[in-house]
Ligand code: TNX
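What follows is a single chain, given as structure tokens, in the form predicted on its own.
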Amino acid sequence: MPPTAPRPAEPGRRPLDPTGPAVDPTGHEPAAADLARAAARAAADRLAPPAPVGLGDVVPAPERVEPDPAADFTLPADAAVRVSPDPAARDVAEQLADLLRPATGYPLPVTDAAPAAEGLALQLSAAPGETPGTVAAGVGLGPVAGPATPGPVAALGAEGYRLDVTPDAVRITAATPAGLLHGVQTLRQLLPPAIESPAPVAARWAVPGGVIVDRPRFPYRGAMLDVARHFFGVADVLRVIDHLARYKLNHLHLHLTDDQGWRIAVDGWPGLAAVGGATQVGGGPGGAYTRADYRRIVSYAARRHVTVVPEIDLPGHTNAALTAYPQLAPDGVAPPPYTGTEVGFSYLDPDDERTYAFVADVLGEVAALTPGPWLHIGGDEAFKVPADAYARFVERAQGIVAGTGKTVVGWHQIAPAGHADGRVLQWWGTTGDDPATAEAVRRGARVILSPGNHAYLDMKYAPDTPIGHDWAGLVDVERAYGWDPGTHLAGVPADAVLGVEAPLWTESVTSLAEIEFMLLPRLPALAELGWSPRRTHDWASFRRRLAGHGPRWHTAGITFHPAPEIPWPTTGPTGLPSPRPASQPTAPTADLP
């Protein structure tokens, strides 16, 4: 979109001309020192080069971008973050200040005050008669008509925001704290890459001028981390949550149980964690989250407006549970711990009532620990369970989930079972044609799309990628980006698609560095599919915008794959080294090739 002409000064704002009279919103004459500072700042801004980042360089692509090259903002050392007096909004303001303080070295105090005409401002706003912060998901998801004009932002829904950058101020306005935080993540990307530095950097902290009006295409945008095949501690999971929040993903699906390990403590069944959690692929020590650990993960995610979706995989993928409690096995015999990677051989006895008491206890405890609305029951690859017994099991499990007050999610193999109100199928096929899932949608199911040949982040980038699989094909960044969730699955209309999710299975992934290597740079591609309007989808634009994130990740110490199809810069804007196209590394590393 072409840049607009410089806007006139708004009421209550000092004119952009430093020779003109400054205006105080209260009508009082400003002090001479204030006049001098304003004149000096305006003169410096006029002499400064343009901001190094363009207003349209954001990932995921915003819905509407209106650049104003004459309105760049430079963050001054004495800036404060002003926020409307609401506890949830103040928490977002504190997160903004925490993001900016390390690299800038500025104190950036957070002030509970009406946003002023200068500095950084966060404001909850709603239409007349509405309470800020309570807009329901899905409100106002039609197109934004006309130019980006001031006014209530409730029409942008539960996660939308408006960001205004003028020479004097950066203002983020949203109807909810989640929207404010998404605006904060956009502002973070509009600052120079050095903003990711953990130590102070001497830099001009410029933000490009103009207006962004933004909201997501789909309400569910997530990633899955398999902590069952290899166990990852709390700190690693929190780091993954930070990556999700950076790109406006709002769900973290934790695959908590499988044949190789049971990763969450259940008070009524203590052997699940103590025995079932004591190993992993390859025979390592495994591990499990205590209730306190899980609460910490959920709380950390919630502060970043990420919803945790726990998965207890049933009735298959249960060898770890059967090792701990053999009475749940069809033959009543405890299998040995499993450290391989085969699937489909284990299952709970679907004809024993003790199985359903176990399922009710486990799902009840996990539901009680999880504030989000979803409870995932797995349901895939139960190859040894007869079809009729499998359908009965799924239908009873769906009823148990409903009894906890949660909405059931399952892999698309649960589609033939009887419908439950609100149920969600997570589709991981590779052909785009699944009549059983399409029929379940006609009966009222919704779908989360995770096509294995586009969204599975455990697939190799290329044949020589040192870790990962290729059963669904090779998934480079262009392939991860090159599909449309709204039309991908035959017989499933766009309004039945709840959103997208990028799973990372960890049979071959053993460390945080390897997690990051497989997530980045593909995760932002999936994030853009879930967030951005389809009309913005453009591979050439995306690869250019994504390239600018390499220096950010390097500065932050984040491991990533230097995908050769991305035109990474050879030097960063601050002189820091940044990634460049190269041959595949022999192993994941935080160092550049």
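Since we're looking at a predicted model, the values are computed, not measured. Each residue number is its position in the shown sequence, starting from 1.
Absent from the display: the form predicted together with the ligand. The rest refers to it.
Site check by superimposition: the ligand, modelled from its position in the predicted bound form, clears the backbone and C-beta atoms of this form, with no atom inside 2.4 Å, and the site reads as open. Among the residues W411, F218, Y356, W205, the one placing a heavy atom within 4.5 Å of the ligand in the predicted bound form is W411.
A heavy atom within 4.5 Å of the ligand in the predicted bound form is found for one listed residue only; from F232, W505, Y481, W374, this is W505. With a 4.5 Å cutoff on heavy atoms, V201 does not count as touching the ligand in the predicted bound form; it lies far away.
At a distance threshold of 4.5 angstroms between non-hydrogen atoms, V343 is in contact with the ligand in the predicted bound form. Using a 4.5 angstroms threshold between heavy atoms, E514 stays clear of the ligand in the predicted bound form. For the chain shown alone, R171 is not a contact residue for the ligand in the predicted bound form, no non-hydrogen atom being within 4.5 angstroms.
The partner is not drawn, yet in the predicted bound form one stretch among 516-524, 456-464, 272-280, 171-179 has residues with heavy atoms inside 4.5 Å of the ligand: 456-464. Taking a 4.5 Å heavy atom cutoff to the ligand in the predicted bound form, the one contacting residue in 417-440 is W428.
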